[in-house]
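Read on for two forms of one protein chain; each stands alone as structure tokens, with the labels structure 1 and structure 2.
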Structure 1
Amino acid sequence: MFLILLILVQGISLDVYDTPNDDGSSITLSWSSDTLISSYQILRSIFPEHDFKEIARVESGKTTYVDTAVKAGTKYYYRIKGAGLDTVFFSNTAGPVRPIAQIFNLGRLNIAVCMIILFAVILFYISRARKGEKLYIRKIPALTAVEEAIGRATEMGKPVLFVPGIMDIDNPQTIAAMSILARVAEKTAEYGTPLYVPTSKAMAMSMAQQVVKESATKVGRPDWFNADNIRYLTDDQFGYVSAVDGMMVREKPATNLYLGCFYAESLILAETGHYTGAIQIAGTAMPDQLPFFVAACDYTLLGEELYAASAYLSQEPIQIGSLKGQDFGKLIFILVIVIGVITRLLGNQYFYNLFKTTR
């Protein structure tokens, strides 16, 4: 009897608590054991002494279990039965624990703070830009090249090819590409130079068509717009790249613009364009693809410069405002990094722990 009692207390030590930051629909159990146990039986009751029923079986190696079959507000007690080699081990009875619904997830407070700061900074600069304040943005060298390249195509009497990446319009890079496309379309419409925009997503096609059509109307050349030049080819990446390649070899555009979200097709496009002798300007925020654009194109917009370019070209207050807001965000990040490094150097972990996102 005495022996069994000893095992009962020492075999498994169980701890239960209301899962933090949830809707009161679960209780978390965690236990530790220093004996060899092949499987655990988890028992639950609403009474401290009796009526314990099995609610789950867990294999060895696990030390936590989340009970999701609970009602918020009810008190629960837990016990664990562990099957050892030839003995059965019990844990202490843990509880009572009462799951409570939280209104705000405190574990995500740091995310909320970060989001609010970034939103505030961005909105602040957007509103300043909207009020007509002139906000400075440094010149982006690759952009001047875009206009020159369109001029060159016109002189040669050859078309301009604009590839807006291969992702759909839920991708911000595609959207940035579209605002650059608007400016490119204005220029080409003005000069009467054909502009080809092959797309890999149906929605990107309809968007590109609308953007180009509007630009043509804006510069008084609605007749220039030809919906057939803005085509959806295929969703398949390689089907698409081979079709665009074929297009380059057949139509021989003098200027190729690759702006948007690119994957493996970046090099095959840039290399084929190089082969056909086109001037090539690229821009993407896909870090994996930048090296090939840098290697094989005449100018490259590196990463965020793609968004900056779209702002710079349009001189639209909203875009410029957001860019300035993001700049401020970068200053905050630098500051945070410096503080983080220094506090850690001084042996203070508090600041470091503020950035924890997973329990």
Structure 2
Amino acid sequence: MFLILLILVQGISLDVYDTPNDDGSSITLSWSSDTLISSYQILRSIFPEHDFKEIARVESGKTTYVDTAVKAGTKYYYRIKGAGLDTVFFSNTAGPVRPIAQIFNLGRLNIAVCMIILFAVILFYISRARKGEKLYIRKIPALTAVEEAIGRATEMGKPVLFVPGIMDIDNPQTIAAMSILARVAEKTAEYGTPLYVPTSKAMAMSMAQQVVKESATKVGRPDWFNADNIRYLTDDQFGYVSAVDGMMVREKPATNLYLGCFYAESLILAETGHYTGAIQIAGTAMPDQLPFFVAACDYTLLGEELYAASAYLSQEPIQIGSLKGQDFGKLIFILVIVIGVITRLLGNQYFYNLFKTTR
């Protein structure tokens, strides 16, 4: 009788361990059985000998289970109760095991390698740019036309309108727009051309005022700066658009710059500017709004060109090196993806042919 019970106990062999590459929120159970089991009951306790409670049921044929209802740092013990045809089997008591958050997810090691390569390439190009080496960046027609458009406004004696989108300064597109605004403010200050910057956020107004003031001081024209030309209108989306359109109709700026994050107001702004006869240069990373700007504006910055604009206009070594390094890094990522796809396809074909041959 004792021998029979021993065999039954050894019918299920259980192993438990902390799930690798996670945040300490799960424990993995793995077991094997040399008997016919119809279903498994997963039992768990914080004590090694008693108080085991069922936490899940697993169908026959499965040999793993991941327990996600655990607390990091707590020790757990596990057993498995298996139901046979006429007999109940119990596994060994496995544990203690304590879930712990791993510092590194080794399953994403490939991403870490790619990021290291990207940073290395960026630092390499920044170093080259700082040494005075001229790095090639393709010409962007919309940015090349900015100075020409400002010059046209100066010749006509009309102002320049700069619309930095409708989002606040925590939006990357707004930050990119402010970088471009700095360059536009330098040119308008040099030429003595009025610059209007209506904003829909109070913080964006403060940032725009500071940017324009610093640009005017940089070119030796602090007297040109007029804080009243950089104003807050309203947070309401279409109220803001109505106010800007009214400014276009009244002031009739010769150049309109729409750079930043835009939504449904993009076409309304561009149509009004086209009606007043202004040169219009737009740029946004919002894919849904790009067709409207392309149709109604003279030049359009497409997607990432908006983020590259500040480096393109300023020619600052760190920004130029970063831009060049990111472009080269993208090329590396594309090559890695292509090589991975080809390798996978060749591997599948190899195993298919091997299986076909063995048949």
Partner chain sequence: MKSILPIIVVFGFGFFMLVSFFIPLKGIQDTSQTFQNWYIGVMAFFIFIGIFNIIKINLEKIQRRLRDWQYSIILLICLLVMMAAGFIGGPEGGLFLYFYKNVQIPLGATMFSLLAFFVASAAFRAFRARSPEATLLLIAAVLVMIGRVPIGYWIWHGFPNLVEWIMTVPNTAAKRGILFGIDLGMISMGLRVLLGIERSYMGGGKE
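All values reported here derive from a predicted model rather than from experimental measurement. If you superpose the two forms and keep the largest set of C-alpha atoms that fall within 1.5 Å, you have the rigid core. Residue numbering: sequential along structure 1, first residue numbered 1.
Looking at both structures, it is structure 2 that matches the form predicted alone. For Pro99, the Cα coordinates differ by 2 angstroms or more between structure 1 and structure 2 after the core has been superposed.
Remark: with the core as the superposition reference, the CA shift of Tyr76 between structure 1 and structure 2 reaches 2 Å or more. Once both forms are fitted on their core, a CA shift of 2 Å or more is seen for Gly132 between structure 1 and structure 2. Overlaying the rigid core between structure 1 and structure 2 leaves the Cα of Ser26 displaced by 7.6 angstrom.
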